[in-house]
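Take a look at this single chain, the form predicted alone, given in structure tokens.
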Amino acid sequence: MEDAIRLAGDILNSHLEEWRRAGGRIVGYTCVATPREIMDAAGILPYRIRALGKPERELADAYLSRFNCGFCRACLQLGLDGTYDFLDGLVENNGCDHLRGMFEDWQYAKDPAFFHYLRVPHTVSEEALEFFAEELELFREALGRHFQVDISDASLAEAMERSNRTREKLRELFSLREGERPALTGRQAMAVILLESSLPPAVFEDYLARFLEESERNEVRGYRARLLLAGSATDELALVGEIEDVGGLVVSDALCYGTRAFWNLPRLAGDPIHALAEAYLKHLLCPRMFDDYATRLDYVLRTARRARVDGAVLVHNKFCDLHGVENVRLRLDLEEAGIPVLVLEKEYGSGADLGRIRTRIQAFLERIGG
């Protein structure tokens, strides 16, 4: 699994370079509300943009305010400094205002050849599902028109079947992580998720089969407490490493760079566009969705109980309004359910913040008897 962590630490890995040398196209997106199957069906590699905890912001700060989320500023920095010049296009959606600002400044400054705004409703209703299905149809048409490819229902069904297969294997792997004798660390699990959205699907399937085989023989030992990690967009392997270095093993999570990206999505079947609209919108476990807190709380509670955690760490980046507010309410409800909670507001990617985080995790572990 250590090679997975090394590979996940690269923005542009060797498999992507090989894909490009063979003439393959790559389109970037950020939010899990984006049905990647449509890009996969077009023969385009969907790449989930990440910043991997990089702290530089000087270019991004000329466009976004310092009161914007550090994750979005770090992604914009990488877009502006040319790190993401290997992308053939971008897909924006209205995940939050910070994210929209990041994408629109990126579009303004770099003028990517392909740019599409995929609107995602904030509520779940019959009308919202119809609207989202129409948006997905527009996305399919835009991709097909720009890249000169036919995205048929048959190719979509094939991509959906590939996604189903991958998600089932991911659930299998992550179940080994949650077991009585955890088979992989939280850092390794996050590396797997980062690879899943940065490799050609067939390549990732091969890696996943190997991770499963290795994990079935593995057992993580020497930890002080089993923890759940939940909260805002977090792709920082170093952050999870800090938590685990002091003895808190992250045995499960409720992160969008984690289980929220795949755990609850049902098998996709039927009319492709409507199946994708229904599956993604009805299982979007993000505080951007209105009037759906009960579903998100239920997901976190079920995850915590299934993984038999000793405590939960709720993280959010500074100025992340959605998760900052959500974590207050979540802390009260988890503690009422008997789960000790540490709320951790942090500066995204700041090495200077890691010492403070380490101290707070150590104190939390002592509080819960770890």
Partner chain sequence: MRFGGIDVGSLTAQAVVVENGRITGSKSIGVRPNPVESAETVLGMLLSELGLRHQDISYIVSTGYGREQVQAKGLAHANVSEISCHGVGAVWLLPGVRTIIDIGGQDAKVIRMDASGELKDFVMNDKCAAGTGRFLEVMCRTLGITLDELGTLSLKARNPVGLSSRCSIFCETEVLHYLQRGTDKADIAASVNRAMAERVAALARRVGVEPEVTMSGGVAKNGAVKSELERILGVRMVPCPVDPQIVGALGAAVLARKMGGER
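Residue numbers count along the first chain shown, from 1. Quick caveat: nothing in here was measured; it's all calculated off a predicted structure.
Another form exists, predicted in complex with the partner chain; not displayed. Remarks below refer to it.
At the 4.5 Å threshold, heavy atoms of residue 2 stay clear of the partner chain in the model of the complex, well away from it. Mapping the unseen interface onto this chain, residue 13 falls outside it, with no heavy atom inside 4.5 Å of the partner chain in the model of the complex.
The shortest heavy atom separation between residue 6 and the partner chain in the model of the complex exceeds 4.5 Å.
The partner chain is not drawn, but in the model of the complex it has no heavy atom within 4.5 Å of residue 333. Listed stretches are 338 to 346, 30 to 38, 56 to 64, 297 to 305; the contact stretch with the partner chain in the model of the complex is 338 to 346, by a heavy atom cutoff of 4.5 Å.
Contact annotation for 300 to 326: a single residue, 318, has a non-hydrogen atom within 4.5 angstroms of the partner chain in the model of the complex.
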